[in-house]
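Have a look below at one chain only, the form predicted on its own, in structure tokens format.
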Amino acid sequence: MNDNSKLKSDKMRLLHVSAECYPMAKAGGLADVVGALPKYQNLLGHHAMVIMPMHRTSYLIHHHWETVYKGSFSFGNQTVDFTVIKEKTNELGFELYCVDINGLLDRMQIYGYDDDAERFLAFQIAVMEWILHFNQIPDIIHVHDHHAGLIPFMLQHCFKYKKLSAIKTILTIHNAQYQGCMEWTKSNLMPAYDEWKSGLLEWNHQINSLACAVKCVNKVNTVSKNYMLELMNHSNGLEYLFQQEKEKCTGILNGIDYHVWNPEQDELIQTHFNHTNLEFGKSENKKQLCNQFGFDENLPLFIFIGRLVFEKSADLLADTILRSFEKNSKQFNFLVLGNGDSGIELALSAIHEKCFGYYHSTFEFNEQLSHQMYAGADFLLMPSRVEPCGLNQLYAMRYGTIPIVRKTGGLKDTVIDFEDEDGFGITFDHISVEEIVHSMKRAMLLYENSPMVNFLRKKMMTINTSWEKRTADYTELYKSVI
């Protein structure tokens, strides 16, 4: 075999199945991964595609689509019609397909409906029906989280799809807290399967989509090595399963898309910069951000960006900010961007009057503002209880914003305390208001040493966290099962 034919033989057909994909629909880091990894895989010469539900989003409305397949399937006592559409331009760097099921998948929100179990099960069956009619089947079906977790079982044990059983499968777990559990009464919605294999569907007396995927796929990876270790002790009831299946489990850190997150070319920020002129670039972007919110640009600027939920320790934010202001005589500014739990939003709103002129919160998903905050802030706070990988700390590092993180999951894998060898960030161990306040105090003391701050910023900005590096790890994972 000559070199060219060997190179061609190494290229794979890859189908990613996911509930989210940026910029079509995004609730968290899952969307960012699925919106970037396939693009970088295609740049390596593979043929990577994405299939997801047709959420009724702005991206759907403002782009051109073509119908590529129409079909139907039995879903309990009813017949469900579905359509697969494709974005015409391939502007994302990969083929993006969406499944439309009228009244079931064509909704505004990605999650949060009472019938989510039925919605994602119908989505997965439609994907299987579509694959049945491929001229060339994928080498790998890469499923992401529980929303696609029943596909490996269907490939192997549903009678209708037996001819697809040779396809290899990979599961990436972005968050094991959500597992897609449903009662056994919903098993009648599944395509007919070998009932001798029903134990593969079950965990803790329920159908558990994530557990089923872990049992059935060829390989499992989490989005950081440390998170994989954590799941064996803390995984919402699946600890023993991960211990059993540890031989096929690994961790691959997420990367970030350097085409989207690039302070030299980012169209969403005020002033472009890189590690050679970061002092000027950070200063100009901070000035613009402080002017927008009425902050004193001479004070350190802390930010929090993300979902306002318990997992992110967002319930501690209001008390942390108030306590820090009391201890430090309001000698800093704090900006919050995110949405989520209504009680947390209420608590963060309630402190506005006490912190007027030093604090602001915006309860929405705002991509442009997030880029401006990464570019202009001094410190990013991520006190997460659970953080499988975390992307925000990687975005912050790319833009020279020092991350303050709790040592958990991927945060532990990606951020080293500046007082340790090769360090550049601020880390802490325990989840408490007191420890977060102490970490912020360390940040304020560090801020007074401008040469050190600029040295750490430069160090962060030159660390390679791109998908180019991570894609090679996934290629090796795929090759290990083919």
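In this text the structure is predicted, and so the values were computed from the model without any measurement. Residue numbers run from 1 along the displayed sequence.
There is also a form predicted together with alpha-D-glucopyranose; it is not shown, and the following applies to it.
Three-residue site Val33, Asn254 and Pro388 fully in contact with alpha-D-glucopyranose in the predicted complex at 4.5 Å by heavy atom: Spot residues vs alpha-D-glucopyranose: full contact, yes.
Heavy atom within 4.5 Å of alpha-D-glucopyranose in the predicted complex - the one residue of Lys286, His371, His157, Lys312 that qualifies: Flagged contact: Lys312.
alpha-D-glucopyranose: the contacting residue among Val99, Ile125, Ala377, Val223 in the predicted complex [heavy atom, 4.5 Å]: Going through each option in turn, the one that passes is Val223.
Answer range among 24-32, 419-427, 436-444, 56-64 for contact with alpha-D-glucopyranose, defined in the predicted complex as heavy atoms within 4.5 Å: In the other structure, the partner sits against 24-32.
Contact flag, His174 vs alpha-D-glucopyranose in the predicted complex, heavy atom cut 4.5 Å: Flag for His174 set to yes.
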